[in-house]
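To begin, one chain is listed below as structure tokens, in the form predicted alone.
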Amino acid sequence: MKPRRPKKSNRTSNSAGELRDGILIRLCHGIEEFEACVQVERNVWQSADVDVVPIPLFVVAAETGGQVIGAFHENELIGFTMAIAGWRNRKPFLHSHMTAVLAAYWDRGIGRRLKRFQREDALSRGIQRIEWTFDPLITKNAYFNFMRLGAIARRYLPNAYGITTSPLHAGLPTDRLVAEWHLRSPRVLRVIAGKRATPAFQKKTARITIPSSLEELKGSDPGAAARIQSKIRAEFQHWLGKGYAATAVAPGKSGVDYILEPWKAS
């Protein structure tokens, strides 16, 4: 199925999209393109119907101040990000609910381009903040969020979406960290300019280790994986409750360490 050509948009930011290396990043339009998003979603998460985000929610996101942004290769949708408009602390923000890229197109910077386009579109409409959730056990996502985008995390949501049918979740509770992307913060501007976020190694920093054996345990010993998840949950709740923020990841002695540092409320 080939998505229809883009319709004219009344948005001023990147209305024609961004074409580079044969990949076009642009806003999605119309039921056929939203259906293509759902097909990518099914391919990536492999969830049962009960857990699939349906086409009407993509329509709602696009029509009520949110975003549906696609990555296209030769007019075929190969990735997308979808965000819903929200309101926090008397200011508008976007909750970026889903971002997915087909496996054949991984490691080509497409996810980063989707997020950067998302940022530019948000800023063009006066939105300064985007949030999304991610699994703290998947450290490659943490690296992307902290080190490549400049996000931070100050909230932990235990079993945010319940137990799902996606094999990616391995039957574990869907614990999530909430990424905060403050789009004009010095931290984000530094990263956007090509300078990677540097982990803090002050005396007051804390570390939470994600063992390198965890992914294997999810399949071979789910009970052990669940116990490790519970321990990690307690550590995050302790440090975030003391006013710390997760700001980076770095190699550790037995896996990958989250770096947490005291953070002023904003």
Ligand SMILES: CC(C)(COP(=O)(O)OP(=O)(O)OC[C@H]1O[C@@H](n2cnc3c(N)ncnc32)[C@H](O)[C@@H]1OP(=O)(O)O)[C@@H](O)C(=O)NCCC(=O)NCCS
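Predicted, not measured: the structure shown is a model, and the values here were computed from it. The numbering used is simple: start at 1 and walk along the sequence shown.
Same protein, other form: the form predicted in complex with the ligand, not shown, and the subject of what follows.
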Spell out, yes or no, whether the shortest heavy atom distance between K140 and the ligand in the predicted bound form is within 4.5 Å.
yes
In the predicted bound form, does G150 come within 4.5 Å of the ligand, counting heavy atoms only?
no
Please run the contact check for P173 against the ligand in the predicted bound form: heavy atoms, 4.5 angstroms, yes or no?
no
Within 4.5 Å, heavy atoms only: does R112 come near the ligand in the predicted bound form?
yes
Identify which of A122, I84, V178, M98 has a heavy atom within 4.5 Å of the ligand in the predicted bound form; exactly one of them does.
M98
Tell me, which of L214, V44, L27, V53 has a heavy atom within 4.5 angstroms of the ligand in the predicted bound form?
V44
Select, from the options 141 to 149, 185 to 193, 122 to 130, 87 to 95, the stretch whose residues sit within 4.5 angstroms of the ligand in the predicted bound form by heavy atom distance.
141 to 149
